[in-house]
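Quick setup: one chain, the form predicted alone, written in structure tokens, and binding and motion questions come after.
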């Protein structure tokens, strides 16, 4: 697909805004790194050579100790690959662990007790551990992955609903427009936080974590699409009154062709400027809900959950809240810089022929 010259000019303008452009590259690198996090931060081995056979347990099912010659109780429980590496020392068998051999759910005891430990380079806890001995860096990386893809899914679903309804309101107008305006006004006044509390108070804890996350996403989408409809409704009204829309109708174009081939492409430049800010609002919302205890179900890695732990242990374990706060501010700042650059690059006043 070949982009039109106006779109190419906007993309070039975005590239010229260095802060936003490099922020976009930074965010892309962070997303790719989070997708490959198991290869860098994980309590599973990357590679095992055992009795001449090669094993790659990073993305496989849970393995028992008996698979690698362990005996006793270790034979019937999941393998602790860090201990397995020590067990294989002095033999021909080999275990290669990731750079940070701790997963987001693995606990490390201190003197036989699960408690918060400060940064320890010898144990490879570079940002310390939380109150249950889980590695803070691992929780942050996996928590970022959860938050960013949750925010992307929220943005996609919100735009599908908001843009569709807003475009229909602006194009058809009349009774349809008035009806949906009243519906949106009523729906917008329903308290979102109370609905989350009510729904999650009746959801059985036996539900899978993925199911509960999906339910939370759907609740947020149901209350997050209304704001976009007014912008899309206004833009559609403007484009509907243009001469090219009238010409398309005179030439016999149907409603679907006018909407998808003429109106939507000419409104997308306005709507795309809201995408980064929608992502920011989604990350902020899920972090706030996690902080309040009504967000992602435990033990899902979460920046908000780390903030909650950190504020509760501010004097005894300050590294928790410091790490979580810096990570959250950095991510939000990067996405905001991208949003500002997109808004400036796609500003129609910079490319209009009117004076």
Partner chain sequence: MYRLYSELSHGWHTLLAVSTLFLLSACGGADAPTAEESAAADADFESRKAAMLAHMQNHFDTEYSLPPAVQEAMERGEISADEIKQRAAAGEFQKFFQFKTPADIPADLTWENGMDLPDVGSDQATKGGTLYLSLSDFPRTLRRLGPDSNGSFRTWILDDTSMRFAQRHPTDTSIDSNGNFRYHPGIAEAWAMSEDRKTVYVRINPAAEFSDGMPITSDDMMFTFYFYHQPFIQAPWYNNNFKRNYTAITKYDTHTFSLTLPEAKPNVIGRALELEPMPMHFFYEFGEDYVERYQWEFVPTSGPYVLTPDNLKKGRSVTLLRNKDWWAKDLKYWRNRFNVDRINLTIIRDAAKTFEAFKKGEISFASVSLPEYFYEKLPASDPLVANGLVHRAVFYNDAPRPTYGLWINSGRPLLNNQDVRVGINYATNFQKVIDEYFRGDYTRMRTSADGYGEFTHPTLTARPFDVEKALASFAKAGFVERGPDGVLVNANGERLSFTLTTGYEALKDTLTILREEALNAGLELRLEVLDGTASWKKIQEKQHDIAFSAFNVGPEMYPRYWETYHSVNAYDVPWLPDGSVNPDRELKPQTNNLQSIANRELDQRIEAYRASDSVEEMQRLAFEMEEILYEDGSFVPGFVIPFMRVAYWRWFKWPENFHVKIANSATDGHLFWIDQALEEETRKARRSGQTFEVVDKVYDRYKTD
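Quick caveat: nothing in here was measured; it's all calculated off a predicted structure. Numbering follows the first chain given and starts at 1.
The form predicted in complex with the partner chain exists for this protein as well; it is not shown, and the discussion that follows is about that form.
Only one segment in the set 227-235, 153-161, 112-120, 258-266 has any non-hydrogen atom within 4.5 angstroms of the partner chain in the predicted complex, and it is 112-120. Annotated contacts: 84, 94 and 318 are all free of the partner chain in the predicted complex [non-hydrogen atom within 4.5 angstroms]. Contact with the partner chain in the predicted complex, defined as a heavy atom within 4.5 Å, holds for exactly one of 174, 210, 72, 90, namely 72. Distance criterion of 4.5 Å from any heavy atom to the partner chain in the predicted complex singles out 64 from the list 64, 40, 31, 288. Heavy atoms of residue 145 never reach within 4.5 Å of the partner chain in the predicted complex, leaving it off the interface.
Contact check for residue 181: no non-hydrogen atom falls within 4.5 Å of the partner chain in the predicted complex. Using a 4.5 angstroms limit between non-hydrogen atoms, residue 322 is distant from the partner chain in the predicted complex.
Although the partner is absent here, residue 78 lies within 4.5 Å of the partner chain in the predicted complex, judged by heavy atoms. Contacts between stretch 133-156 and the partner chain, counted in the predicted complex as any heavy atom lying within 4.5 Å, involve 134 alone.
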